[in-house]
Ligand SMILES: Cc1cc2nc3c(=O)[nH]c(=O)nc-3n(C[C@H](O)[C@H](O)[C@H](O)COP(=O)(O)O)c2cc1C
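First comes one chain, alone, set out as structure tokens in the form predicted on its own.
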């Protein structure tokens, strides 16, 4: 199995963090990888807030599922305005390219963390208004996702239950 296939198999949503801190160096490495994520018309409509402060993490964890309280760090993903080309393209094609880009960059963050042995979970279920207030973000900003980072004591990767290939792909040959 090639290293990328192994990375994909190893990546899972951690829901049992052990509380160990994630270093600023590792967070920087993770975000450096995310900077290289593709985006529509190179719009890069993202900004990241990396949180390691215990008090802020605890307050933020109170706005989402309880298991996040033991995360070693969190990366809050803010949707920024995209460039004019991507914005116009979104309107012409009736596609929200910025949201697509946010999903792509979340995957890059998650895989980069996994490659460093850092467990993670992409969180979409949180109180956005309280999160914006905590982080003193303007009301017009959108918090799209939060990546909880940390370490787990679990040694076994859970089996991935996915649809069968014939349910998700059609080949036209």
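Numbering follows the first chain given and starts at 1. This one's a predicted model, so the numbers in the text were calculated from it and none came from an experiment.
Only in words, not in the display: the form predicted in complex with the named molecule, which the text now covers.
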{"property": "Residue 56: touches the named molecule in the predicted bound form, heavy atom cutoff 4.5 angstroms", "result": "no"}
{"property": "Touches the named molecule in the predicted bound form: residue 67 (any heavy atom, 4.5 Å)", "result": "yes"}
{"property": "Residue 34: touches the named molecule in the predicted bound form, heavy atom cutoff 4.5 angstroms", "result": "no"}
{"property": "Contact of residue 124 with the named molecule in the predicted bound form (heavy atom, 4.5 Å)", "result": "yes"}
{"property": "Whether 13, 158 and 162 all lie within 4.5 angstroms of the named molecule in the predicted bound form by heavy atom", "result": "yes"}
{"property": "Heavy atom contact within 4.5 Å of the named molecule in the predicted bound form, the stretch among 124-132, 47-55, 111-119, 34-42", "result": "124-132"}
